[in-house]
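Just the one chain here, the form predicted on its own, laid out as structure tokens.
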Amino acid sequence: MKIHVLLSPLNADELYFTGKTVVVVDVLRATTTIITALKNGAKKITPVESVDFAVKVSGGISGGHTLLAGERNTLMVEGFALGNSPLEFTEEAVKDKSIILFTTNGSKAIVRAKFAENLLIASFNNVSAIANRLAELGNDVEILCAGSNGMFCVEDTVCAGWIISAIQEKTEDVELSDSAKASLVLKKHFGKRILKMLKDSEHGQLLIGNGFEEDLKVAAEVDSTDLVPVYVQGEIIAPDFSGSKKSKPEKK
């Protein structure tokens, strides 16, 4: 298995991902929020690249059971039902609902990788479950870090390092690209001080300044769920992989 980490979505165009196994990471906050929404009973999430497209799509999906959610520069888009804080996506708010999601970085990264054969959604919340699924698939892996406006983000790369480390615990046949090796170095440097790393990061500082410090605590939780969200035909769902022994997180 070869593992490569893309430190920004701008490092590859849509066709690059064709037929590949891809994991998208946007710790602060899109992938953390997506995982939270599905964990709390959301039916599906449709990621989009623009606010205008989100509004357009919402007119034809699931009637009154569709929620518009998303942010611009960390703040809820005016007129939307929800922003991009995982704390907003409670069971009461999202159970049995379809969600159309626009975010500054994460939803765009997911759409960019839409031609992948397997497209998985990851954050610190489901590291072990993601690693189990990737080991089960046995394919080469591209980990796509959403970054921030095309720029490198330390938190996404550290999360990529956690995923790589977890995969290495499950299989010996792993070959790493230079960026994958760098992700492991960052993971080892920050160790388990994830919350401190998030608070010290540029995007973490922006979120704290805008009143979202509690979101960082949710984002810092490692293996809080065994969900493995997947992108299929334009929608993110959470299939049940429990029938496979390999797909269950291992106890450490």
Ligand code: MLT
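Just so you know, these numbers come straight off a predicted model, no measurement behind them. A residue's number is simply how far along the shown sequence it sits, counting from 1.
The following text describes the form predicted together with D-malate (MLT), which does not appear among the structures shown.
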query	finding
S177: touches D-malate (MLT) in the model of the complex, heavy atom cutoff 4.5 angstroms	no
is_contact(T74, D-malate (MLT)) in the model of the complex, heavy atom dist at most 4.5 Å	yes
Proximity of L207 to D-malate (MLT) in the model of the complex, heavy atoms at 4.5 Å	yes
Proximity of N126 to D-malate (MLT) in the model of the complex, heavy atoms at 4.5 Å	no
Among 129-137, 99-107, 114-122, 162-170, the region lying within 4.5 Å of D-malate (MLT) in the model of the complex by heavy atom distance	99-107
One residue of A37, A69, A30, A219 in contact with D-malate (MLT), assessed in the model of the complex (non-hydrogen atom, 4.5 angstroms)	A30
